[in-house]
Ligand code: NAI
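In the block that follows, a single chain appears as C-alpha cells, in the form predicted alone.
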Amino acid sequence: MNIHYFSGEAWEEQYVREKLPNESITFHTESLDASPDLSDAETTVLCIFIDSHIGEAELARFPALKLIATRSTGFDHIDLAAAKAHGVTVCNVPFYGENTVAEFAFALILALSRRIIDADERVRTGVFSPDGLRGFDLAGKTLGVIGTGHIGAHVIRMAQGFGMKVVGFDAYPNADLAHTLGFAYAPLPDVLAQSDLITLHVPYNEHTHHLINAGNISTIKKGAYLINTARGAVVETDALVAALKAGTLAGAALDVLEEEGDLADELSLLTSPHPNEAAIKTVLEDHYLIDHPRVIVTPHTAFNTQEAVERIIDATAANITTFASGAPTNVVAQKK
C-alpha cells in the first residue's frame, strides 16, 4: 500500500517502518494541513493525527485513497460523509490506555487544588513563601465525571483513591459500572449543581457540541472548578469566560480550547481576506483564558506519554494491516 504518514516525530519513522515493513511509506513531520499543494494519484492510505483536516478538497487530491487511519480516538477532523461518498474507509484508535488521559486530568486537578503552578512561579521569582497559596483537600469533595467511558471510569477509580464522592453523567449510563465502582449517575443539571470539580470525558460530536453552555453553566455550584481534557468545543468559550468573570467558576484547567487550531495560526486567521469573525472572537477569548490567573491551559497534551504514543502507533499499524487483509478494524466510517 502507498501510505502518507503525517505529523510524525522523527523517532516514529523507524518504529512505523518496523511495524509495516512491506508497505511504501512517505513520512512527514508536519500535518497534511501544512502541505496544501501536496497531491498523489497513487496514495491509498493517509495516516494522520488531529491536526490534519480532511474534507472534499483533500480527498480530491488523493483520488486513489482507500483508507484514512487517524491516530486518535476522536475523528471530528474528518468529514465522514465525504469519505463515505468517495468510498474511503476511516479507522480510529478507540483505546490506547484509559490511564493516560485520566492521569493527566488528575494532574490538572491537583495543580488547581494545591496551586502548584502559582507556587512554582513564585519560587522562580526568588520568593520562597507559602503566603496566599492555600489550597483545598480533595478528600470529601464531590467530583462530577461527565462521560463514564474508559477514561471516565479510570478517573472515577482515581477519585475514590483520594476519598472523593463521585457523581456521573453519561448519555448511556452503565449500571454495572456504577455498581462495581460505587458511584451514582445523575442528570447533567444535577451533576453541575452538586460537584465541587467537574471533569469532561466525552467525545466531540453534534450531541456534545457546547455541552457546557450559556444555558447551563450558571447552574454550576458556585466556586466549582472545570477540567476539560476532551475537546475544546464541548465547552462554549463565551459561557466559560462569563462564568469566570461572574465567579460561578473559581477556576478551570483546560488541555483543549475551542479554536486551538486558529490560536496556533492566528496570524493567517487575522490577515485572511474573509476572516471568520466568530473564530477571531473565540481566539481572543482563548487569550483571556490563557492569561487568567485561575486558569491553567496546556497544549492538548493529555495523551502524550511515550507508552501511549507507542500504543497508538501499534493500533494504527494494526488498522492498516487488517484493512489490507480485507477485515478492517476500528471502523468509524465505511461505504456500505
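For clarity, every value in this text was computed on a predicted model and none was experimentally measured. When you see a residue number, it is the position in the sequence shown, counting from 1.
Although not depicted, the form predicted in complex with this ligand is the subject of the following passage.
Comment: this ligand is not present in this chain, but in the predicted complex one of 308, 302, 297, 69 has a heavy atom within 4.5 Å of it, namely 302. Distance criterion of 4.5 Å from any heavy atom to this ligand in the predicted complex singles out 101 from the list 227, 101, 257, 91. This chain is displayed without this ligand, yet in the predicted complex the stretch 204 to 212 from 204 to 212, 125 to 133, 79 to 87, 236 to 244 comes within 4.5 Å of it by heavy atoms. Using a 4.5 Å heavy atom cutoff, none of 114, 253 and 293 lies near this ligand in the predicted complex. In the predicted complex, at least one heavy atom of residue 169 sits within 4.5 Å of this ligand. A residue is said to contact a partner when one of its heavy atoms sits within 4.5 Å of a partner heavy atom; residue 199 fails this definition for this ligand in the predicted complex, lying far away. The closest non-hydrogen atom of residue 148 lies within 4.5 Å of this ligand in the predicted complex.
Although the partner is absent here, residue 144 lies well away from this ligand in the predicted complex, with no heavy atom inside 4.5 Å.
Residues of 56 to 85 that come within 4.5 Å of this ligand in the predicted complex, judged by any heavy atom, are 73, 74 in sequence order.
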